[in-house]
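For this one, two forms of the same chain are given in structure tokens, first as structure 1 and then as structure 2.
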Structure 1
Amino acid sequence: FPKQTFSLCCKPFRCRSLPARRKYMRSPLVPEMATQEVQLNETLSHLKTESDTLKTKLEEERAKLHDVELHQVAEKVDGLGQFVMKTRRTLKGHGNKVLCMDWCKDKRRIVSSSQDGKVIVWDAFTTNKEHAVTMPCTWVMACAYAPSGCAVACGGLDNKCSVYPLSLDKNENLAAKKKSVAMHTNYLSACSFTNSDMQILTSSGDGTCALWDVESGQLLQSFHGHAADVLCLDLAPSETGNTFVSGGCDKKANVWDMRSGQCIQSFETHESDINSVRYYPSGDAFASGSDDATCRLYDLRADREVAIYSKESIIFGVSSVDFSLSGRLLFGGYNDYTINVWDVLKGTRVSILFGHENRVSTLRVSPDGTAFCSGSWDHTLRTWA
């Protein structure tokens, strides 16, 4: 009996037919597929080399037109004297990080959104809360005031952009009047009304920007060109402006034509994510702020970067940027809890503002240019003048 068991157990080990089977299982398609893969890799490699060569040639052509630096031209311009800006109001009411804010065109009201899921409309003069909306999700990453001042838009991790009409009745239930306008396949990172209450522009973590009709919720135009999350956008200041700029995790700042949906200019000089973009008041240039701890100025007519605002001592990322009304100052909110004020022409830092107790996440200059407001992870907003 033991002998028999042993022989039964050994049978599987005596089977030597596997190599023969393998020979018959071998498909004639395998070498062909391998050849196709090699050819595909060679084609991709060739295309990448060709793309890099064309980029280098473009840079060389740009360099030929690059005759002088901005700070050299600005040497004859008088420097800015010492000026004092300090906190004039502190807006307290959010229970978590303030992520976004926007001014109303009346130069008095502010809308802010927070990680606590609340959207609050403030009177910036009295610091009173006029309206409060609780969103269905936390991390409300984007908010915007309509040009008429009669509505606010907001969104975040719910992937939607919702519009809430505002009324004089402060006790009215705004949530009941909510209108879902935009729907992305990933989080909403920024939103901005165009020059009317009827259209809204959004950017998203799905790598796209989109233009929507507010009334019908219909998609009017989509903008594809970023290779990663789009983090910010800004509309051209001209009333007839049909362009906007966006920045994202692919380190690119793209300028788009809203009518055609095409990217008309692209700038890739940052070394990390672009967190904020803002047009120069004239519309001929824009600034960007990045996690690489620099702010940069791009001239659209020269089609190139014309200035970098940085210091060796600044090692923290820039979360938000905005220009003064004249365009001479550039305000930057940083992750080291400070706000740096730069002389746009000379490229020097003219002031550093302290007050927030956590990173500055958002910053906007008021429509009349007399003050600016900053929002922070310390749960507060501050107005400075």
Structure 2
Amino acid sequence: FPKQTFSLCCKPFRCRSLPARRKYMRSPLVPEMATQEVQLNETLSHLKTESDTLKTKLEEERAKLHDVELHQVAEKVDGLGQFVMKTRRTLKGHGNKVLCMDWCKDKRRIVSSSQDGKVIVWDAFTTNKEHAVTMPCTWVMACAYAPSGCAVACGGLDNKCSVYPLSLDKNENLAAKKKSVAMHTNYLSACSFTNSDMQILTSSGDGTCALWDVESGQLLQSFHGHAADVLCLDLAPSETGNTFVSGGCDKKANVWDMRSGQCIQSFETHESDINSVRYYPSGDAFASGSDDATCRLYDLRADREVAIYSKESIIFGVSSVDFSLSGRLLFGGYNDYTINVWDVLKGTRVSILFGHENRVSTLRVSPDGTAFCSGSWDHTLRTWA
């Protein structure tokens, strides 16, 4: 299959948010205007020189500290044995591609969303469906469970993120209590509640991320800096403070300060769209998965990429990544229908899991680390342990 077809299916509205170059009539009838024009161009070239100098300085600073590779330091660590991980439950019920899923803090409930507009809440132990909502749009690309377990958020091609309180009454129509929280100017790619049910962080095809107050729907902070669609985000573990990381079609992973809206670190080593980002459990690093068929680990304090997880035989993109509880294992869901399990420290693959019959689109480890769940374009979700 040509890669282009897959890309178009997966990211319907890839917009370049850089302004188009337009030719204006250049006839300064007034000499003043000509001088101002020249001044602006000089300023522009000064700034370009300064920005090039700073970029070189950044590279030099980062290179100075690159004294060793992670896998070299990890040689003294014991290797991992054989892993036997199997599908323990298969959740069937979606009528089309599963695009996203999230765990509830109770470690047994799961919310998932699909291309057909359905959002389903499951009990992962029993595989029973507890709630189902039909969204007014197709391609619900993002869904998230509220920390309290009392609500779910979702959105996609409707450009919004909506919150649905979960009712104990199975017969109640959830759609009636729906609350529209976020409004973007392009598709919603990811959403996550912060530490409480009160705030939601979103990322969008419009190139921005945003923090919203759930109750009022008010925009609290917006995050500008990506040059194309933002595809994923992850909040830092609460102990490490108010930051989050986002990844986009501009091949960049940006770390943001949630209070100021400032981008504090930026990493550009991937060769294609970054589909998934996930913090290492300590909060000192994060992993990313990309259409370039690699996963990478970036250390925030060393301010650089410290590991690449790839093999020549792996040529399909990574849609989604997550760490095991200790951070030793990295699970990656791939577009070739497999899940690869990596030794984070040594950089080697420890296991490859088969089972899905189409690309794996989403993958999350459960809150207590006893299992992980994957969702796929084959319409199912699987829990593995």
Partner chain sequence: MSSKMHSASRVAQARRMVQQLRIEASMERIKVSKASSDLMRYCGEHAKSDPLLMGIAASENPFKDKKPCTVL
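If you're wondering where the values come from, they're calculated on a predicted model, not measured in any experiment. If you superpose the two forms and keep the largest set of C-alpha atoms that fall within 1.5 Å, you have the rigid core. Numbering runs along the sequence of structure 1, starting at 1.
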{"query": "Correct structure when looking for the form predicted on its own", "finding": "1"}
{"query": "Core-aligned C-alpha movement of H66 between structures 1 and 2 reaching 2 Å", "finding": "no"}
{"query": "S326 C-alpha relocation of at least 2 Å between structures 1 and 2, rigid core basis", "finding": "no"}
{"query": "Core-aligned C-alpha movement of L47 between structures 1 and 2, 2 Å or more", "finding": "yes"}
